[in-house]
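Quick heads-up: it's one chain on its own, the form predicted alone, in structure tokens.
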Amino acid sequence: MSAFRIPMFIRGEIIEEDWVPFGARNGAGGFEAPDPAKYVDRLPLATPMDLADLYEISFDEIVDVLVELGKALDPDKNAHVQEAMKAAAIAAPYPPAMLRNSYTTMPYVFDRDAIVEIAESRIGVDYLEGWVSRTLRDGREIRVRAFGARALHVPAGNGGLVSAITIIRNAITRSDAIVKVPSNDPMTAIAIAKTLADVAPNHPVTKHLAVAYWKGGDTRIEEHLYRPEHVEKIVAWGGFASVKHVTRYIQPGLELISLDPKRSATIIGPEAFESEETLDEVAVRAATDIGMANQEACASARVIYLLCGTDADGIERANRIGERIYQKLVGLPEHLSTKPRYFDRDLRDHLEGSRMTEDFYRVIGGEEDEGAVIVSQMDEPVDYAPMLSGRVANIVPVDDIKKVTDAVNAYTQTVGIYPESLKRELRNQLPLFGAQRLTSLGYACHVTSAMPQDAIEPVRRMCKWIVDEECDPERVFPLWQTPAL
């Protein structure tokens, strides 16, 4: 029995027929969507020339449409958003209070100043609005403009805001988007698209958005779509398998912008123990980095390196902060973090195994799958650290920072650090090992799109940077006058 239906949205038209069943990721019930094989020919633009309408409107007009879209996404008034919330309650791993909080904050993503900040800081509005001139040292005049591209987006399903950001990025870069709906966030992109059609029917921004569900790996769809004649860029978020799968289609003319799977870490200096008040603040900051969105984000803290030493005093300190962090973790407000809806059974088995090896690990909490803190009694993380989820973190006491840098690699996205002086000390070292974002402890999951992501500039890369050169032979040496040597 289908728990819900995911319509298809093709450039302003809503498709609600030709339903076929699909299985759900978490086994909570299947769903239906229009047969993608019947509509795959209609998803890409018929011709690149169809992008021209986006260049007949100003950047300000695009922002105006996005702002009105944001105002219309109020979950108390918008039936499309309410439908998306109901579907997410079935398909997503988040409890109702957290889902409600996510959809309540969505309109603020479309704030005018926030959108302009993304465009200005990541690209430059002048480059989006027209040709920017410059004279080079050899005398030639160049004019550069950022053009949009025909893109296919595979957003992550661990939060509806990813779909919102995807649609904003597509609009401000004057691009054309085909959004592949994730099964664990099945309706957010559709809800935004439907609302866009309500507030701006027939507008170019609406005409350059298509949203559809097909099962990842369906070669009937992907071998047809993932070709340079249909899309020029694929923006892929998500797990290793899904991003790896997309790479099979990459070829000259089709670029992959990979926001691939990441792990994050935390480093806490000995200053955390300067006073009880400081320890309390550090604990609640670390708990927030662990528990926010129930540790589903790639920025979530999992392994916490504590520069406290590994002698008896150091281990005692690690256990003490572990207790404090656990107390703060289970006390987080339910709109930010709750007992997980689903808990990994294999992780539970590992936790119980660690609980029985007290000489190596101290496990605080976790008896009711509410989350736990594992304190290593040595300077090594648990061997199942990659599995840490469901609000389970591992504190690792270390004697010096080298033990930490050895653990940082190309998969390390965010590193939350306390105090700021330690962050400044490490900011020229950790990136050499692979760390991509250093932030204040407690802000790992507090992100903005107005900054680089995963050590790249995804919004900038979504553009095609076109150059118009003007070479006056009076100023730029003409090659045809080159003397023989």
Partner chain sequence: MGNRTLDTFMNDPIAYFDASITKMHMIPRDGLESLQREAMRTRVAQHRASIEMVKNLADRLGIDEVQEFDDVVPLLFAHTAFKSYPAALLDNKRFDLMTKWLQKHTPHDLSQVPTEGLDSIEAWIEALDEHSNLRPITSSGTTGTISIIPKDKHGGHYAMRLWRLFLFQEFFKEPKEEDLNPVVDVIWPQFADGKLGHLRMVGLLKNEFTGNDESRFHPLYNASINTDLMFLASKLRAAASRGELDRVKIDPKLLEKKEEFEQLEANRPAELQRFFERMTNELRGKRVFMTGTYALMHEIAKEGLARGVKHVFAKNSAILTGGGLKGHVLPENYMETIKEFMGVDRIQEGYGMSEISAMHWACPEDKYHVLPFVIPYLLDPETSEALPRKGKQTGRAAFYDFVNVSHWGGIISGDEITIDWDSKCPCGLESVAIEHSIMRYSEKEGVEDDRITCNATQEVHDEAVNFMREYEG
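Here the structure is a predicted model, which means the values were calculated and not measured. Numbering follows the first chain given and starts at 1.
Omitted from view is the form predicted in complex with its partner chain, to which the following refers.
State the residue from Glu380, Glu370, Glu117, Glu83 whose non-hydrogen atoms include one within 4.5 Å of its partner chain in the predicted complex.
Flagged contact: Glu380.
Its partner chain isn't shown here, but in the predicted complex which of Asp399, Glu334, Glu358, Asp138 has a heavy atom within 4.5 Å of it?
Contact check passes for Glu358.
Using a 4.5 Å heavy atom cut-off, state whether Thr166 contacts its partner chain in the predicted complex.
Outside the cut-off, so no.
Determine whether any heavy atom of Tyr55 comes within 4.5 Å of a heavy atom of its partner chain in the predicted complex, and answer yes or no.
Tyr55: no contact with its partner chain in the predicted complex.
Applying a 4.5 Å heavy atom distance criterion, does Thr219 contact its partner chain in the predicted complex?
Contact check for Thr219: no, nothing within 4.5 Å of its partner chain in the predicted complex.
Within a 4.5 Å heavy atom cut-off, is Gly23 in contact with its partner chain in the predicted complex?
Result yes; Gly23 sits at the interface with its partner chain in the predicted complex.
Let me test this: is every residue among Gly157, Arg263 and Gly353 within 4.5 Å of its partner chain in the predicted complex, going by heavy atom positions?
All of them do, each having a heavy atom within 4.5 Å of the partner.
So which of 250-258, 210-218, 307-315, 274-282 is the stretch with heavy atoms within 4.5 Å of its partner chain in the predicted complex?
This holds for exactly one stretch, 210-218.
Using a 4.5 Å heavy atom cutoff, which residues in 391-429 contact its partner chain in the predicted complex? It's fine if the answer is none.
The stretch 391-429, when checked against its partner chain in the predicted complex, contributes Thr405, Asp406, Ala407, Val408, Asn409, Tyr411 at the 4.5 Å heavy-atom cut-off.
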